[in-house]
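First, one chain by itself: the form predicted on its own, in structure tokens.
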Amino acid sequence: MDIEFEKQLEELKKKIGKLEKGRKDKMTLVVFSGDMDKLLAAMIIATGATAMDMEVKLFFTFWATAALRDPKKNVKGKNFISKMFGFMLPKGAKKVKLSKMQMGGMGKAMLEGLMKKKGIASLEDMFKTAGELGVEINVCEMSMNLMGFKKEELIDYPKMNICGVGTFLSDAEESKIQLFI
């Protein structure tokens, strides 16, 4: 074999080895949507992945951040725009709407009733289960700043961090699976 070819082959093997070592049994999800059905999908996938012994990190950004607001918490010191976002956006997982077939709120009530009848956990219960299973939630600091949300108004969740997109990108780079919901 040609010496130059062997050298290139060895370099490629080293690069492939580094790539294989860099990928972990890890999944990262960008949770962008604040729609109930899409949030349910994210939480089902996240808890399912933990059942397969995967490390799971969710990056909540833009409209999805509203689902993390605790309806029992009130925060003082917000400016007018922040107060308006707070008023217009749902306050917590229980208040989010469906992406389709809203039917003036009837669609959501029908889905929740069907979920209860079929023994499927509510979105709030899925957050609780995800926390117990070790799913990490990273909340986009820029989105929180844009919408005027403060850390003090978020739900109590065992592994929640406020961070930037760099944290998501670093996690995604190490992950076998990356999803956008």
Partner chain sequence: MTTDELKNLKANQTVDARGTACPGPLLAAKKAVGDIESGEVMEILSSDEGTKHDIPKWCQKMEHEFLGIVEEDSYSRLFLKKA
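Source: prediction; values computed, not measured. Residue numbers count along the first chain shown, from 1.
Separately, the form predicted in complex with the partner chain exists; it is not shown, and the next lines address it.
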item	value
The partner chain in the predicted bound form reached by all of I44, G119 and T129, non-hydrogen atom within 4.5 Å	yes
One stretch from 49 to 57, 140 to 148, 30 to 38, 64 to 72 that, in the predicted bound form, holds residues within 4.5 Å of the partner chain by heavy atom	49 to 57
4.5 Å heavy atom contact, D25 to the partner chain in the predicted bound form	yes
Partner contacts in the predicted bound form for 63 to 87 (non-hydrogen atom within 4.5 angstroms of the partner chain)	none
